[in-house]
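In the block that follows, a single chain appears as structure tokens, in the form predicted on its own.
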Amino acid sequence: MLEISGLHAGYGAVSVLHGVDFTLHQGAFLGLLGANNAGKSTIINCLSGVVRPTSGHIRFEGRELTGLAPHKITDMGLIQVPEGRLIFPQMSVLDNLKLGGGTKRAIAKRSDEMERVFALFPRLSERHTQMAGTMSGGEQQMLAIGRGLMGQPKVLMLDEPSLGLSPLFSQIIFAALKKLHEDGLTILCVEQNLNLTLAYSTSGVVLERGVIAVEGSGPELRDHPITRRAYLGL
């Protein structure tokens, strides 16, 4: 469904990715793992068009994405839930969700998607008139995911969904992602929390200094020496 080959990218004169290759199959829940500054967020920002690769290819359902504007990539169904949530704090929960359903492919089914989001996160339904900025961090993460779902993603990409959350809210968020995956959604999750991600994902890729160091199933990665080195420096 999504194929990344020879991906190089960075910021100005600083090179971050050095020839990344991996494939995301339809129906997968792939954890993109690694320590700080490994290049995880750079990959997901390249996929969403926020960062332009310096070389390499990104193909989504056979179509080349490299160089496309972010709004065109979103309208194709490759949707990112950004790190730090980036909800609109002075707008209501409902208005934040409506914005997520504003793409060409999603607007006709916005009411149906709203019901789906409220079923997944009942708290958003209960607080639909509340200003988003007054909600807790965990509630805001629910809202950020809900806003992404409103765009009817074919692939939902999440950047550090447990960042800054309590263990309880982290479990709630990942349980919701598991439900979405069981319902058929393809998920790419960038995350530092190794154990939590491997507990829910079908497979994982460990990034180390801008290259793929190892990939495999959860049990294969959990105690792999390269994973231990990437996270613990061992």
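None of these values were measured; they are calculated from a predicted model. Residue positions are given as counts along the sequence shown, with the first one as 1.
Below, we turn to the form predicted in complex with a small molecule, even though it does not appear here.
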| query | finding |
| --- | --- |
| Single option in N195, N37, S55, Q26 placed near the small molecule in the model of the complex, where near means a heavy atom within 4.5 Å | N37 |
| Among the candidates S48, S170, T42, S203, the residue which, in the model of the complex, approaches the small molecule to within 4.5 Å (heavy atoms) | T42 |
| 4.5 Å heavy atom contact, V16 to the small molecule in the model of the complex | yes |
| Region of this chain that lies against the small molecule in the model of the complex, out of 195 to 203, 171 to 179, 56 to 64, 29 to 37 [heavy atom, 4.5 Å] | 29 to 37 |
